[in-house]
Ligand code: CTP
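There is one chain below, alone, in structure tokens, taken in the form predicted on its own.
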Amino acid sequence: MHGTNITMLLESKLRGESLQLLRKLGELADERGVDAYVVGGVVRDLILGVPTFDLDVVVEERGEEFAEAAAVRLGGSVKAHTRFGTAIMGVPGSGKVDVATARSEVYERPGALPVVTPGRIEQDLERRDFTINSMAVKINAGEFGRLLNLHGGYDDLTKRGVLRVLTERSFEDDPTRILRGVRFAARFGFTLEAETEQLLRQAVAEDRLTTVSGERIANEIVLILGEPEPWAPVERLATWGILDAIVAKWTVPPEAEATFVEIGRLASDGPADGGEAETWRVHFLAMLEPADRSVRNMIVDRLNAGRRIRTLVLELARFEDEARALLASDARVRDSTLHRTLRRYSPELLEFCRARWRGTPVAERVARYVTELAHAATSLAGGDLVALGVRQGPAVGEILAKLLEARIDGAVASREDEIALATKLARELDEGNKS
């Protein structure tokens, strides 16, 4: 397929605005005497017929300089990263384009970020992770649509259905490709080419992931959990020992699949009244929950997780210690007790609980809270109580809390009922203070 022209494919799969933008960028490249290409995942997705909206363009000159010239001509804006020779260009009505300098890479040590220098398109494609991501399409006017398929990516993508690395040092140079390979294989239903699988398993066995920063590993896990169906890659991370290579004794059992499926179903239903959950974080809880607490703490430390994830881990432990037994009880639990117990937890934790303990009283009671009780409120506010003669201070908060419980449990049904109860409670407080 090297040299084949796929203009008809571009015309059929790209939005009209994006296609015209590429033609204009190609014309600018001709004027500047440089070659320009659409590269990587964009080309892969176009060949697969997957909708693509953002474009990645590589030019054989400084990417930020090309982007600035294009923005002047097209009326766009540019955010340049001069250190890396890249830029993000926004064009009204045409979307976003990532523009980069064609470059080569050298890894001074395994796992380190590469040393990057300007290069030719051939060198730029050689540095890619897998053959299916190492194709480019020229956009210069005279050769618009010409496919560069230097490493057999087209046949791997369309005929063989395999992931293949470009060099035997691929996983050693950048071990995050282990995680990326698992993600792509699961997304496309591909197998790993035999030598590629052997190299991946060898890299895992040699603890290559220990050379990579926690932030980079965490970024790859977030991408995996953002997939439409993340269980397949997560299962492979567990069964291939990749999670255990990240943190010893981290695994996810096969029965967790049902939790992942239920998380997806709940997410497809849209946000509940308890608030909108970040679905990837809910999936991350499903990856953490089977582990011992000491292992959970090691995981968040290894990934250098931010405050939000650390808070979720603490929430999970608190739920297990303080709420789960109550919610699992056969005894009647008042709605006000449910509200008081569960209002301290995030939407992510609550959605995880509904998925993890689906079909049990725990999930049923959490569902009742998020769908019916979460936004319960009193008609009266603090100022109303003061107007009724309640002295400002702790008494206001105490009475409001009791009014809310009464409203949730159905003991009061109107503003007038609340006024009567508030008056009674205020009188009891006064009498208590006098005695």
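One-based numbering along the sequence shown. On a predicted model such as this, the values are computed, not experimentally measured, just so you know.
In what follows, reference is made to the form predicted together with cytidine-5'-triphosphate, a form of this protein that is not presented.
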Exercise. Using heavy atoms and a 4.5 Å limit, would one call F184 a contact residue for cytidine-5'-triphosphate in the model of the complex?
Worked result: yes
Exercise. Do E68 and cytidine-5'-triphosphate share at least one heavy atom pair within 4.5 Å in the model of the complex?
Worked result: no
Exercise. Within a 4.5 Å heavy atom cut-off, is R177 in contact with cytidine-5'-triphosphate in the model of the complex?
Worked result: yes
Exercise. Is there any non-hydrogen atom of E398 lying within 4.5 Å of cytidine-5'-triphosphate in the model of the complex?
Worked result: no
Problem set entry | Region of this chain that lies against cytidine-5'-triphosphate in the model of the complex, out of 375 to 383, 59 to 67, 406 to 414, 34 to 42 [heavy atom, 4.5 Å] | 34 to 42
Exercise. Given that cytidine-5'-triphosphate is left out here, which of R128, H151, R164, R296 has a heavy atom within 4.5 Å of it in the model of the complex?
Worked result: R128
Exercise. Here the chain is shown alone; which of N133, S346, T86, T259 has a heavy atom within 4.5 Å of cytidine-5'-triphosphate in the model of the complex?
Worked result: N133
